[in-house]
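Given next, in structure tokens, is a single chain: the form predicted on its own.
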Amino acid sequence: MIQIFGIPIQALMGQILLGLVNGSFYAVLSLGLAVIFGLLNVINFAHGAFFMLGAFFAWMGLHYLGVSYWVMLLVSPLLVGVAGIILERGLLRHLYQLDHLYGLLLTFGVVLLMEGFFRSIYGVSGLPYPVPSALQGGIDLGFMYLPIYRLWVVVVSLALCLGVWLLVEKTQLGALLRAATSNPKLVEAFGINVPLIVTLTFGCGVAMAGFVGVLAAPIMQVSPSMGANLIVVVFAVVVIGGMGSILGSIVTGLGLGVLEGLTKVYWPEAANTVVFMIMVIVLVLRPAGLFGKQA
């Protein structure tokens, strides 16, 4: 049996795959956070709750209405985006001129309300969500067995990250979004509805969280606490990559996911803390993050 540094290659590659899957979740979730913070200057602590909401919408669509995974992969993010727009229009827009702490506290309260609501109805135990039939099974690579669904999660997450980065950084729409953030009054002088841009940006950011929730539903147990288990790590990813940096969120999310998987092989005791160890080191050496702009 082939071994790498004393670890069988099957176990090592399995953990790397698991790290890539988790890193894909980290990348897309932190990407949504980075878009919201970079363009709206809001720290959205409710991002994990919207991730949970996307998974629950998919579960309810299947069990109550018989709606397939593929349909909910499109419908669930739209529903989550609408919920985000309601939150932004009803509450968050009143806090844009205040300190970041107010938005953080408000979204933290929203998390408690959403989790409490779903916990009162479905309890704390996880609800299973089946892998769609088209993505069941796996591929035998000789040195490991590659589940098709996990490969699908990595590929579609990378495609989404690349698409969002290209949209924000390389298109006229992205330039308009950045201009509306840096100088909204000047952009409004050209007849552009800046509040509408802000609302849609927030809706799209949380819709990405809902999309990842649907992807995660067949892998994780759908439960009210599933978002809380990820959001702390995702915030660490955003801080390491640089607050508001889209490229930093993508690269850091994937890299830390793989590093976390490798740590589970070579140093299992540190697997749950390695991300935060790196965050401390980065904050000491480069407070703006690896890809953030220094003040």
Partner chain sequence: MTTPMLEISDLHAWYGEAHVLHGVNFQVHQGEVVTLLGRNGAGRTTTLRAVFGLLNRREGSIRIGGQEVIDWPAYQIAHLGLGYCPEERGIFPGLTCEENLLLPRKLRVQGGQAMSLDEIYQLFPNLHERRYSPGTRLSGGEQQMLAVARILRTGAGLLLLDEISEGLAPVIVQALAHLIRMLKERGFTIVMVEQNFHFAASLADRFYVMEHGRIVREVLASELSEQQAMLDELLGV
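We call the rigid core the largest set of C-alpha positions that still match within 1.5 Å between the two forms. From a predicted model like this one, the values you see are computed outputs, not experimental measurements. Residue numbers count along the first chain shown, from 1.
The form predicted together with the partner chain is left out here; the points below concern that form.
Colleague: Might residue 186 be said to contact the partner chain in the predicted complex, defining contact as any heavy atom within 4.5 Å?
Modeller: So residue 186 counts as contacting the partner chain.
Colleague: Would you check, heavy atoms only and a 4.5 Å threshold, whether residue 116 touches the partner chain in the predicted complex?
Modeller: Looking in the predicted complex, residue contacts with the partner chain do not include residue 116, since no heavy atom lies within 4.5 Å.
Colleague: Would you check, heavy atoms only and a 4.5 Å threshold, whether residue 90 touches the partner chain in the predicted complex?
Modeller: Close contact is absent here: in the predicted complex, residue 90 is far from the partner chain, nothing within 4.5 Å, heavy atoms only.
Colleague: Counting only non-hydrogen atoms and a 4.5 angstroms cut-off, does residue 193 reach the partner chain in the predicted complex?
Modeller: It does: once the partner chain is placed as it appears in the predicted complex, residue 193 has a heavy atom within 4.5 Å of it.
Colleague: Which of these stretches, 165-173, 130-138, 208-216, 102-110, has heavy atoms within 4.5 Å of the partner chain in the predicted complex?
Modeller: Result of the contact check: 165-173.
Colleague: Identify, from the list 144, 179, 79, 158, the residue with a heavy atom within 4.5 Å of the partner chain in the predicted complex.
Modeller: The residue in contact is 179.
Colleague: Does residue 121 show a Cα shift reaching 2 Å between this form and the one not shown after rigid-core superposition?
Modeller: Result for residue 121: no, shift under 2 Å.
Colleague: So with the core overlaid, does the Cα of residue 191 end up 2 Å or more away between this form and the one not shown?
Modeller: Comparing the forms between this form and the one not shown, which are aligned on their rigid core, residue 191 does shift its C-alpha by 2 Å or more.
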